[in-house]
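Shown here is one chain on its own, the form predicted on its own, set out as structure tokens.
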Amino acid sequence: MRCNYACQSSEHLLARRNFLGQLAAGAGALGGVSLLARPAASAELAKQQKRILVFNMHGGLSQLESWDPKPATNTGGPFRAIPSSVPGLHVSELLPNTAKLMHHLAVIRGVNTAEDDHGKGAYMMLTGRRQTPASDYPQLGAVMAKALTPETSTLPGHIVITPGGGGGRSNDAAYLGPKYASVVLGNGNPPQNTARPGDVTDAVDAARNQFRKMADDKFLSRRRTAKTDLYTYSYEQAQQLMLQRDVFDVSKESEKDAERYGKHDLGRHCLLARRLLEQGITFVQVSHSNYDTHNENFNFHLEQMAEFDQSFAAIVGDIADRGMLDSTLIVVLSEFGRTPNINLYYGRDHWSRAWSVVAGGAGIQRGAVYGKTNDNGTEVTDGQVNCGDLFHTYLRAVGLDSSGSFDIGGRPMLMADPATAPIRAILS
């Protein structure tokens, strides 16, 4: 669906980049990053096929119309709270299907990130750190891809599925390098420029690749560096993507599943996410836009949450039914929540002082509720956490030591902010 409620900030626009061109350019920008630098024990975790599925509720999901409803209060809005499959845990009536699966998930209701800017809030939630001009940190997907993707994998470990345009590769891996940057699947389509032109025959393609490899080998015999190794890796990964386009072809899924997930963008994107996780992709992020409801908050959530509820419940149920829940971390986050107070346009504005995140699967306690807000949702009254605490928790949930570091060119770089800590109460 098309939404016109957003505040039209530049952070809502995703850059498109040419996929192969960015791979090559990224190789040149890598600099002295050790390609084999991984935290201890991550190789063993990779063998266990840990996976991560993140829902980014882009624009700022209302906690009051989802995970922390406050019916019959001056801030609660028109929707009721309904019981879930966890005794005593209620969610918004806009989530009837998800409510039946809350025993697989945990609700974290005491999130206070103290940042109401879209871009800065998104950066904090995806890196676990506050944005500063002097430093840049890799996003969660890049960290997970580097730590958990097997070195022998021929597929990228970090995928972002976004509605609309997209395509290409992002710049979200910071010092980990472009190898771990996200490949963006615009509108759920396969990566751009991975189809061979129809007028290039198998014989011609084989001959030109043989010539390229011969030239590369001759060059590398005298000038081999980390940059040239990564350039070669990037080119070969692009070739593997061309050979494995079916991995990204959601039309291979059954019509019955397509109906069950929903015949809308999010349904198709969630079905693709399931397909990618089953094919061994480490990290998949699905974006659902746009929750920036300064106007008509309730009408928007009535429509949008119905779409989310159908698709989210379908994929959570499938992950559980297919025996993947213990190895798959599921996270539903946003850059912030929405104001408890309702503005004159029946909207809710930006609110980062008391909102909610949902996690489940992997090492998260099933059915847990952590943190509490006051009666009208304006403040956290118990179990307050910030973006760094959440980032630590995600890493611990998949078995990583979040106090560990990456070896980047001989320099240890901490995986998570040492000033914060995991939420041990929801870790199993």
Partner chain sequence: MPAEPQQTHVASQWPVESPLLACRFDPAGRFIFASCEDNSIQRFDLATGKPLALKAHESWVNGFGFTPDGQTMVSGGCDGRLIWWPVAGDAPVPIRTVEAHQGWIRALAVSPDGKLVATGGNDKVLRLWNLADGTLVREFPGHESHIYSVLFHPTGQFLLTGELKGHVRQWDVATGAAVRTFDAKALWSYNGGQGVDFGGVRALAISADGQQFACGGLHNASNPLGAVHDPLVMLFEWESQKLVQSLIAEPLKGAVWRLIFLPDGTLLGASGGSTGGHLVFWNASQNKDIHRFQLPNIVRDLDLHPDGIQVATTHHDKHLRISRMASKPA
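Residue numbers count along the first chain shown, from 1. No experiment lies behind these values; they were computed from the predicted model shown.
Missing here is the form predicted in complex with its partner chain; even so, the following discussion is about that form.
The stretch from 360-368, 388-396, 375-383, 66-74 that comes within 4.5 Å of its partner chain in the predicted complex, counting heavy atoms only, is 66-74. Within this chain, S135 is remote from the site of its partner chain in the predicted complex, having no heavy atom within 4.5 Å. Within 4.5 Å of any heavy atom of its partner chain in the predicted complex lies no heavy atom of S92.
Its partner chain is not shown here, but in the predicted complex it comes within 4.5 Å of a heavy atom of E296.
At least one heavy atom of Q304 is located within 4.5 Å of its partner chain in the predicted complex.
Relative to its partner chain in the predicted complex, residues E115, Y123 and W355 are all farther than 4.5 Å at every heavy atom. Between the options R322, R80, R245, K218, the residue in contact with its partner chain in the predicted complex by a heavy atom within 4.5 angstroms is R80. Just one of W351, Y231, F300, Y180 comes within 4.5 Å of its partner chain in the predicted complex, counting any heavy atom, and that one is F300. Residues S289, N290, D292, T293, H294 of 277-294 are found to place at least one heavy atom within 4.5 Å of its partner chain in the predicted complex.
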